[in-house]
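Next up is one chain by itself, shown in structure tokens, the form predicted alone.
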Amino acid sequence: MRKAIIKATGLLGLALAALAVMGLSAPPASAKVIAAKKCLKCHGELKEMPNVVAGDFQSRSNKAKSISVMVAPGKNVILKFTPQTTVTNVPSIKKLKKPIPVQVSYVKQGSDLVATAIVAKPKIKVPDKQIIGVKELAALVAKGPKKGGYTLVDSRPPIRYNEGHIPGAVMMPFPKMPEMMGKLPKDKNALVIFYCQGFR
């Protein structure tokens, strides 16, 4: 039986990063990857993707046909959008809500950054029956993986794992999961517990 845990970070004393207050800044002078630090922690591939802005959606102006994306505390990037701008994981640009994380591909037109594609971070709902409570997890951890009959997976970035993790947890950062599946038990009925530091 596969289980997921989304509130186990309390065991480590971890807290979600606070979102900074929105500010405004001019668009960058040259085309390059512009991404919030928290995005880069899990999505290092962004460094190899030109003409991308990644951060938290802040606001939309229907009059100016633009959106604002926060990439650092006090620093927002303004991107224009057109009828051709595609949107993924939300029905439309109008449905983007602050502070949903977004990845925006763009082209530079004069001094404007024009969004060609907006991908919103998908909202994942873990069924209640697949969520394990902190007390139940703590009891299993006390027994250890072998006696407790479980595999505990830390899906946070390596830097977070190295800062501290639940005893017995296997490091398997979310972006690396496809190539690290060999660390999971082959028995499909085995109990596998995931925890992360998700904010959505």
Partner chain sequence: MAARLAEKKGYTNVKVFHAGLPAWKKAGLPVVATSDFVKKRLGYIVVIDTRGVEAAKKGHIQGAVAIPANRVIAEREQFPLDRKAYIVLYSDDTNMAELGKLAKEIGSWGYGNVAILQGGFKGWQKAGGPTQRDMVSTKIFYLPRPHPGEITGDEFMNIVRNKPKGKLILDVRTKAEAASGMLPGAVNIPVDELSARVGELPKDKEIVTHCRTGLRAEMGYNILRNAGYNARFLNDKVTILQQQVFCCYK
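In this text the structure is predicted, and so the values were computed from the model without any measurement. Positions refer to the first chain, counted from 1.
Missing here is the form predicted in complex with the partner chain; even so, the following discussion is about that form.
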Contact label in the model of the complex: residue 84 to the partner chain, heavy atom within 4.5 Å: no
4.5 angstroms heavy atom contact with the partner chain in the model of the complex for residue 80: yes
Partner proximity in the model of the complex: residue 103 to the partner chain, non-hydrogen atom cutoff 4.5 Å: no
Exercise: residue 108 in contact with the partner chain in the model of the complex, heavy atom 4.5 Å: no
Stretch 51-70: residues contacting the partner chain in the model of the complex, 4.5 Å heavy atom cut-off: 59, 60, 61, 63, 64, 66, 67, 68
Closer or farther: C-alpha pair residue 154/residue 100 in the model of the complex, relative to this form, given a change of 3 Å or more: closer
Closer or farther in the model of the complex, the Cα atoms of residue 156 and residue 100, when the shift from this form is 3 Å or more: closer
